[in-house]
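The chain below stands alone and is given in structure tokens; this is the form predicted alone.
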């Protein structure tokens, strides 16, 4: 959590991940350039740079889009989620190099402004074989630019989480533009089908991961809790919830996380105010429920972030009867103090 704006807050873990990302990019680009020099010595350096940065950016984009569903399927991928923003900014920088050299090589040698040339040198929009694919890449670059410059909590707070999240969901439109940019561009001139196969495998992998993760979430939401008593719903046994951990229940469209902490159970809304992270998939650290996505914290008894932070979530009544957990899905106002249910 950050109380105020600072340019970048790197801790030791983030520095390690950034060095891994940087090293991978350098090794990838160097390998690509050396192999091209050996097997295709006729290519110019500019062409090799355009191709190496494009393939690297597409690879990183697939990794970025895989992280979300992977964390829904396995908590071991959460460390990747913590560093997804850095990966996204890295990808934008690589795409910027790709785009800059592309414009310089193909649109800067004439009398027309390079950006005007980008949209007017080829107007065969009705042709698949000769489609002006560079325009698609340009619009994808604009989306990635907007995402990169707003990849900081300063913009998250100023734009509001809803607008910020909506803006960053445009990454899927950018991905579609990138796929079409590749398929209508360089793929048209390739005789080796390996690039088409790689792109198809990448798209199928992403779609499959999102479908599997979505189905897993849908199954949770469809569980029926039929046993009711005075507004409370039986949800599970006490022993099914680990100490300092939670179970998530969806009742009457309310996603609620029930946490066990120091012989008591507490219930709060499952959605973090920061970026909508699943609070019930986190754990209690230093007495606070800690979001697994970016470490935002809430006190279990009232759903309030500890001072000086001001985020708050709804709280709920929970009770224990004969070692069974009963939950009332009627929410209290955000930040309302609730006593919790004694286990013993």
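Keep in mind the model is a prediction, meaning the values are calculated, not measured. Positions refer to the first chain, counted from 1.
What follows is about the form predicted together with protoporphyrin IX containing FE (HEM), which we do not show.
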Please state whether all three residues 103, 141 and 178 have a non-hydrogen atom within 4.5 angstroms of protoporphyrin IX containing FE (HEM) in the predicted bound form.
yes
Just to be sure I understand the contacts: of 251, 235, 182, 265, which is the one whose heavy atoms reach within 4.5 angstroms of protoporphyrin IX containing FE (HEM) in the predicted bound form?
182
Check each of 170, 78, 195, 154 and return the one that places a heavy atom within 4.5 angstroms of protoporphyrin IX containing FE (HEM) in the predicted bound form.
195
Candidate stretches 253-261, 120-128, 200-208, 90-98 - the one whose heavy atoms come within 4.5 Å of protoporphyrin IX containing FE (HEM) in the predicted bound form:
90-98
Given that protoporphyrin IX containing FE (HEM) is not shown alongside this chain, does residue 314 nevertheless sit within 4.5 Å of it in the predicted bound form, heavy atom to heavy atom?
no
Partner contact for residue 51 in the predicted bound form: protoporphyrin IX containing FE (HEM), 4.5 angstroms, heavy atom
yes
Are any of the heavy atoms in residue 71 no more than 4.5 Å from a heavy atom of protoporphyrin IX containing FE (HEM) in the predicted bound form?
no
Is there a heavy atom of residue 58 no more than 4.5 Å from a heavy atom of protoporphyrin IX containing FE (HEM) in the predicted bound form?
yes
